[in-house]
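Before any questions on binding or motion, here is one chain by itself as structure tokens, the form predicted alone.
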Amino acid sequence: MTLSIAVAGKGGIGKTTLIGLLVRALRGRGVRPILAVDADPNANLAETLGVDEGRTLADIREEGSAPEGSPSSGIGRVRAVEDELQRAISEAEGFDLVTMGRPEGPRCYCAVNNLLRKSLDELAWNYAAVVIDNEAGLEHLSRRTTNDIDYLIAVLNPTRPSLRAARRIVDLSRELPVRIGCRAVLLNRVEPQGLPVEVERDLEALDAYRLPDVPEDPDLLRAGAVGRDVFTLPATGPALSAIDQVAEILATHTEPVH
């Protein structure tokens, strides 16, 4: 059974880096193969994971919706989209990456989006886990890469504005046409002195499961500044150690349902 994890959060909070660490931690726990899906239009998960981005699904969508693109209907078009999707996969040791790419343009994309959705759903069953990097709006998640999401994780920094954004993500998720098993929050860049009292109080009122906090990690900041991928980080780093605890929870389904 495929473990499906969707992660969302506003820009600049370190969401994509945490997703890269989560892929590394899950792989280290023997959860493999993993399909990482970069569904954020500001795509940089490939750099975080140290792989080539490859062809994006947006490129396939544009070509498939053009008059001169894939066959207009029937099994020929289905196979054409499936073939293009296979070529768009960037392969690595223990995980693969698919990048969705830029938002839609002015054409009609309904037919090719349906084919891509179907192909991605079928592709996901070949993996032990699927990890989806979403933007805060969750638009890509509403188009689905799996019909069911085991975990929706809202990443936030320990500030009240960031917490409000996480609450919006959790609330929006209840309107999506997918089953979500557990809604969770993950605090990133937590200082040694802990959280402000106001933030702690607001977190307790949030209807979401709280995953282990991720502490501030100087090595992680330096790696991001020079464009090094997460696999270059020491295994004993504080951020990776925290994410390994998160991976254990996700892989063993020890959380309550929210």
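Note that residue numbering follows the sequence shown and begins at 1. In this text, all values refer to a predicted model and were calculated from it rather than measured experimentally.
Quick note: we don't show the form predicted together with a small molecule, though the next part is all about it.
Participant: Using a 4.5 Å heavy atom cut-off, which of 165-173, 117-125, 82-90, 181-189 contacts the small molecule in the predicted complex?
Facilitator: In short, 181-189.
Participant: Is residue 237 close enough to the small molecule in the predicted complex to count, meaning some heavy atom within 4.5 Å?
Facilitator: Residue 237 lies outside the contact set for the small molecule.
Participant: So in the predicted complex, does any heavy atom of residue 24 sit within 4.5 Å of the small molecule?
Facilitator: Because no heavy atom of residue 24 falls inside 4.5 Å of the small molecule in the predicted complex, the answer is no.
Participant: Can residue 214 be called a contact residue for the small molecule in the predicted complex at 4.5 Å between heavy atoms?
Facilitator: Yes, residue 214 lies within 4.5 Å of the small molecule in the predicted complex.
Participant: Indicate whether residue 34 is a 4.5 Å heavy atom neighbour of the small molecule in the predicted complex.
Facilitator: The answer is no: residue 34 has no heavy atom within 4.5 Å of the small molecule.
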